[in-house]
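Quick setup: the structure tokens below cover two forms of a single protein chain, split into structure 1 and structure 2.
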Structure 1
């Protein structure tokens, strides 16, 4: 077995499994990055942790456990965010396996690895293997940066949680979740002022739960529970050991095939569904033309010249394949809108009420940056007739 310098991101549900699998598959040098500490709700699946470990960094505890159990493997933990490290760090590995739970972190590592590819240097292409689970379902995929479909290419496959309109929360709640969101989004800042809501603080959750319960009573809505309050506020995704085991092993299986070239690796996406029987679907996810990360051209975007810049931004925010929150926009010739710093924001704010046709020509390229985007997005804004 080849000795592989090999990192993986995440020491959570998938991460624990991946470390074990790699160590017992003959990998001898593994790096692991995770910024989380161990929580009691991890113990139902993250099998390298015990009740006494609660509060300690996941990366460190996981690395030590696997090294103790499996002889001859070196695991180097890093307790921190993947974004703390740059291309120099990622360049030292043969491939990267990700078991991340956030879209932002995945987009970041994907964009970073795509950016690292130097066509002159074979070694600069680091395969990215990505896994994710939700309840009895999961997926694993192999990304060859710049060569095959990347994470960004498939962003529209995510089904974002439909945001509830503010007026529903404020005046016409119908569901228990509406009452909970009202409590966390509107009532907390109203009563608590600048005090930050901490989703992990049981007292804060209890406060929200009680407020939500009161509101539900007022509107004759049933079903608000503490557990639901926690689920809505923290956006909890159900997770179990068995699904993690399946997806992590699938990821490692592909890592082994890539490193040893023993058989062709997956091309390039496997979905696993275990709710009803056992069903897997393996298919080739196609590279998206005009992908803002691995594509080379700006994407065309149809807009009306009559829209105000504000309306244009609101519509961009709704697009599932873009996912931006506080964007800064500019064209070659002018600053359209700057979300910060304050002076620039003040200076560009009047543009929000102007019509697009008064700010740019049809077909002009608009560059968009956003805290949620690990790259700059380029759109050719074409005015529809």
Structure 2
């Protein structure tokens, strides 16, 4: 069977499996985007790569390998980030399959595909199939932008990353991960100043590894390695090849069903629990009322008018369904706080110590932008009584 419609996917642990499955299922025109190069640690599960490929772009090597083995398939690679491409690029695809390793990237592609939908043009709706694994667990889901729940709707389902007290990092580290966190959170800004840490830059990771190793030796802690440094800084969960294969198979089954209409596609979320046996559970995740991406209304947020703006921002950072880091806040009437550029930051910094009731009215809409958000978050801040 030949399927002319073309999807887009990645080339990591899930991506290798997805590419192989798509090619063998009859998809003949596939694009693959991946910003990583091949590392030795990839070879145990990313079977499209060989030792001689270490250092080369994953997307390019994966595309060439599959095209050599499966005749008649054309795979176009792109070595770079998904954010490098705009809506015109994504408009050419029939569907998008994500095997991404970060929440930020998933939020970006989700928001982009939702924003692309034009009610007057049915072809503008591009189904998004998202797959993810975490050890023996995994999930796959089908998202119909603006019609079904989107990725942002389920953001509060994510397990928050365990926080390590700052005093532990600064004074009494007990684990190798503490030394690595110390190097990235405390030592990097102290020595490098405003220079941004790039988690994908080998030189930056090497610098962190060397500093963490020195810290570990000082406290007689063993186990700090370059691989662990990479994993801690990028929050990488160890991958298991069999889990990748199961989730990739689910994603490709859904792609085949969507393109050919041979069977109803999943509605709309499947969870795989491999640590409890071969067990899966499928359910419908409903759209979230007030979702900042696929919803149309601002979300109500209850706050105390006695909070300072700084306290308000810190509480927002703690919410798993918002996930902001360096936000800029404003209302229609005034600029509340700007995280940059420096001139605006200095101009609005005094507001951080002011109470919310002195900066806005109860029920007033606050627009929030953040480098980690591919959209503007809108909150109706209602003062609690």
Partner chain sequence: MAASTPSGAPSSKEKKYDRQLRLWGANGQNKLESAHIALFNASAAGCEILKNLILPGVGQFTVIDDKLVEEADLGANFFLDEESLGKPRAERTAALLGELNPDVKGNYLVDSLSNTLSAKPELLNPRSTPFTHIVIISPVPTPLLLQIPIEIPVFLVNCVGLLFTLRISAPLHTIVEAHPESLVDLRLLNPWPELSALAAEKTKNLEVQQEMDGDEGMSDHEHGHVPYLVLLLKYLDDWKRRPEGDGTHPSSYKEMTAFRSFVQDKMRTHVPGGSEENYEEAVAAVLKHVRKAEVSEYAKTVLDHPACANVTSESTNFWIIAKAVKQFLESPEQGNGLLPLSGGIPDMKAESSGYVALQNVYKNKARHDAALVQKNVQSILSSIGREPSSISLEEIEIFCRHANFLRAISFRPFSAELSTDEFHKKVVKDAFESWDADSALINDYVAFRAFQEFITQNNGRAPGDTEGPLDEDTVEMQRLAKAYLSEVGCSLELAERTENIIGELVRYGGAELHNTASLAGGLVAQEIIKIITQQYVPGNNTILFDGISSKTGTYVL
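Positions refer to the first chain, counted from 1. Values in this document were obtained by computation on a predicted structure and should not be read as measured data. By rigid core we mean the largest C-alpha set that fits within 1.5 Å across both forms.
Participant: Pick one: is 1 or 2 the form predicted in complex with the partner chain?
Facilitator: Structure 1.
Participant: For a quick test of reading the superposition: does residue 173 move by 2 Å or more at the CA between structure 1 and structure 2, rigid core aligned?
Facilitator: Yes; residue 173 is a residue whose C-alpha shifts (by 2 Å or more) between structure 1 and structure 2 when the cores are overlaid.
Participant: Answer yes if the CA of residue 78 moves 2 Å or more between structure 1 and structure 2 after aligning the rigid core, and no otherwise.
Facilitator: No, because once the rigid core is superposed, the C-alpha of residue 78 moves less than 2 Å between structure 1 and structure 2.
Participant: After the core is matched up, is the C-alpha of residue 193 off by 2 Å or more between structure 1 and structure 2?
Facilitator: For residue 193, whose C-alpha is compared between structure 1 and structure 2 after core superposition, the shift is 2 Å or more.
Participant: Cα of residue 209: shift between structure 1 and structure 2 in Å, core-fitted?
Facilitator: So the C-alpha of residue 209 has moved 7.9 Å between structure 1 and structure 2.
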